[in-house]
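One protein chain, two forms: both are listed below as structure tokens, the first as structure 1 and the second as structure 2.
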Structure 1
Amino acid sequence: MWQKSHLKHSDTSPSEIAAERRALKKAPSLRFRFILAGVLVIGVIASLAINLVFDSSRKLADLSYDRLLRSALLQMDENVGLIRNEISIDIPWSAFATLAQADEDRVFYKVESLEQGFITGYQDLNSTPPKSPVLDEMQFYNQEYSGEMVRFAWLERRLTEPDTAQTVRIVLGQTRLSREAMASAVTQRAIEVVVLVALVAIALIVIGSHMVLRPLHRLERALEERPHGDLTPIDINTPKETHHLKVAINHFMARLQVNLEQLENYTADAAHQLRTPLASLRALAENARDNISNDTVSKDAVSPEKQNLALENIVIQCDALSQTVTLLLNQAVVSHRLQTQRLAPTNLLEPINASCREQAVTALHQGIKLSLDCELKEARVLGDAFAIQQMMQNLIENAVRYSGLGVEHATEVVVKVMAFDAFYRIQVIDYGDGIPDAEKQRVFERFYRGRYDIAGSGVGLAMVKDIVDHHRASIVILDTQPKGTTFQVDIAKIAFSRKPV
């Protein structure tokens, strides 16, 4: 049986299973891609967030500790005064109590006046701020001092006391330990949250991917668990997203079912068709043998005429059989071509001419004149030349076969090709007995034979119908005047609006 299932591992060979496994291993995983993409996106977002937090937590820490620094600096500034026309500062204890809130941070400061020079503090401290100094405007900046990064606040102002025009400059700095500690505490907390959220999101993606793909697995299981040859529609509940897949699979299986049925019927009927001529062949052969043996027994001379007749009958039967087999083979080829070949621009006249040429001699043997009536130079359609030739051959054969019947022996079969606006019309006209209206619809049925007294397989017209359908053409059976049958095929021209590449 050729409907052997690849899904059933029980009856597949180990090498096939191994190959399948290898293929599975190589195959890209939808779920893996989905998870990978999700993790990447989440990773990028999380790292952006963490970066942002790093930055802002440092700013936050600076903001809050700069307030302490500002307050301490202002307290110092308030205690700048003149003693005997000399600037002096009495640093209040509270200023440094403020700074002591950053409990582990070293404190550096310098007070100087532009006119008087160094007043107090750390003499080697660089008191030039990075930005250009502006009077009364406090500046904050980081600068290394005493082997550590120090945050400095800087202020310069003019003394407002009378009788003096001096400028005092105060630089106050504290190391960054508390700031860094605060920033890293904030950052750590935020990172914990970000990482947690990211992990939850990744877990959701993993679970989600499983959930999303579950209907597919269900479909797969449903298909796999089917017995051989079961092509009935799948009947499981699936979500909307996989519903179409299910429907498509069901459609596909229905088509497969139809095809299989056709094939089975065809095989059975073909066997049947071949059996009848074979049986009659056998009967003829027996007859011939019996004639010979009878003659031998009766010691009469063997009648050469009788012997010739018997053998002639066998040859005729063999030809008929051969014709049937050829027809069956052609039909198989045509149906295979129709399934596999795409239609291509073809000159319709070529296959028609070819089949006319081929059939002309055969027809003449039977005393029938086959003529082609065509004034066209070219007739381009979308089609398969081989199939069209087979179609024409069948139609002409059919016409020739039915012409030699009846009382009045018709002697002509005409093939006509005409062009219309949108299509070409092919007519195969015979002047035989014609087909009764009741039968006109049935002649295209497979193995239907109008007349059993005429040789034929009963598959020729069915094949014609298949080819016509495949070319999206139409076929009708008309009566020829005064009598006879006309098969008329209309096939569309190539639509030039859609220019073929």
Structure 2
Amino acid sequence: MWQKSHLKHSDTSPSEIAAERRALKKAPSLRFRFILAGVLVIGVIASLAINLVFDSSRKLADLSYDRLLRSALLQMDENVGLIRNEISIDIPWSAFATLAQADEDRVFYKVESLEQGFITGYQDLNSTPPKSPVLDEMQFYNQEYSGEMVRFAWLERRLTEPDTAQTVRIVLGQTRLSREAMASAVTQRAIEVVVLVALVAIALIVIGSHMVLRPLHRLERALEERPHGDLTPIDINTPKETHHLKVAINHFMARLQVNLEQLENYTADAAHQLRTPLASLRALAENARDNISNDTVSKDAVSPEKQNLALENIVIQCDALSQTVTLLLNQAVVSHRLQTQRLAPTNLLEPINASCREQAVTALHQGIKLSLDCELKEARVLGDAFAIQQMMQNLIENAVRYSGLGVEHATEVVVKVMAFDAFYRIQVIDYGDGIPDAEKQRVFERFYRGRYDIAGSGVGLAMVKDIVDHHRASIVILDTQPKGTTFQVDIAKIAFSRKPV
């Protein structure tokens, strides 16, 4: 399937195709594993079946020929009697005729009395059953005699007369050639059937492997036939076994779509943020060049005040450009960390203290006193310290920027940290002009700026909202009394997973 996809995409080089072919050869085959597992299972089942058939065939052969052996032994027993207190036997021809049905086997017998001793048959036939002898109970067993394995029938009973009683023992044996031949024939036939069934089962497994893997090929085709950039969810019907795979692919594409959107937003942010200071810097440089050119044409010396003013404006724009680049880099780092780093136990006070220290000097240069009001020694939350620090820096920088604009008492920004039962509350309080109610919901929009007479990028509070949402926290904008704005963030303690209210 991957070869077809490469034929469709002309941007695939021959070296990439060759590398993918080599990787495909080294990759394990799911279909081969499925077939191999099926063959192993069938092999084990076939082996057990053959062993079972082999034992059953031997028992069946013994059962069949034991009936002949029993019949012959009973015929011999019927002709045993007492004549003048002595045991006599006239072995009937029919007894041996019964055993003659197994024409390849030899027959051995012995008749003896416990009182008189040997009566007739093979005198050296000293065979005893493995179980304890029981009168009038016939026993069958295998035992070696005359260099061959023989199947014996054993019977012992008492003969009684009015004036005497004796015990007679009859042992009748037959070699196992016919039995083994019968068992082999049955086993061979059964093996043929088992092998045939196993081959059919293996063929069905091979065919079934194509059907089982067909949903995976459908998913593969659905992905390969998509145009570039199509990350919409897969909506084809799949079996339960591949449903979770489809869901995982859809979730992965959803995350990839989010990452692409964030990359597009970041690119747009970078273009938007860099365009303005670069344009201003170019305008200032051109203005300085034009002033110098005009003064040179008029043969008037360029005044140091004009030079200093032009250079000062250029330096200011360079600083603004540097701040913009730093903000974009921080935004990229935060976005990457939010996508790749897991939240970990963090002391909330450490990034807050670091942010206050970094912004304190900047606030003093603008005549603003930055203070931290916190009586806690530790505040454990599940979060990312770097992201929280960037959040606090943006909130503090925003509060400092909009403080003290024409208001005499707006010379302070206060950062408060308080503890509640299930969450910690962070407040960044300023005493500036405040934010109108109509704009409170829009300040977190990207590129939105309430006032364009104050320097700013319009993305700081948007990044704050992303960080708050990633930490499953909440942020609200309140009015400071008597005037100003308070940004309030509630973040859950590490022991609580639910969002604080």
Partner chain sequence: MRLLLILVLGVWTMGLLQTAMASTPVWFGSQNAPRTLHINSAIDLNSFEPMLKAFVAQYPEIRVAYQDINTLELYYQTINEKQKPMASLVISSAMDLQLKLVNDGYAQTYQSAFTERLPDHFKWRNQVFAFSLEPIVMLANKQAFPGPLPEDRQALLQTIRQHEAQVTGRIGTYDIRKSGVGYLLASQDARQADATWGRLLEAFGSHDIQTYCCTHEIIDDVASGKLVLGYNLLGSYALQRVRDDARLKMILPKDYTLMLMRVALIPKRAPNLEDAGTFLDFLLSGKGQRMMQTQGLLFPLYPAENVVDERYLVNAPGPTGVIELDQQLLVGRDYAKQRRFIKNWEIALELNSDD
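Just so we're on the same page, rigid core means the largest C-alpha set that superposes within 1.5 Å between forms. For residue numbers, the reference is structure 1: its sequence is counted from 1. This structure is a prediction, so every number in the text was calculated from the model and none was measured.
Source of structure 2: the form predicted alone.
A movement of the C-alpha atom of P351 falling short of 2 angstroms is seen between the two structures when the two forms are aligned on their rigid core.
After superposing the rigid core, the Cα of I35 is displaced by 2 Å or more between the two structures. Comparing the forms between the two structures, the C-alpha position of P215 differs by less than 2 angstroms, with the core used for superposition. Taking the core as reference, the C-alpha deviation of G81 between the two structures is 4.2 Å.
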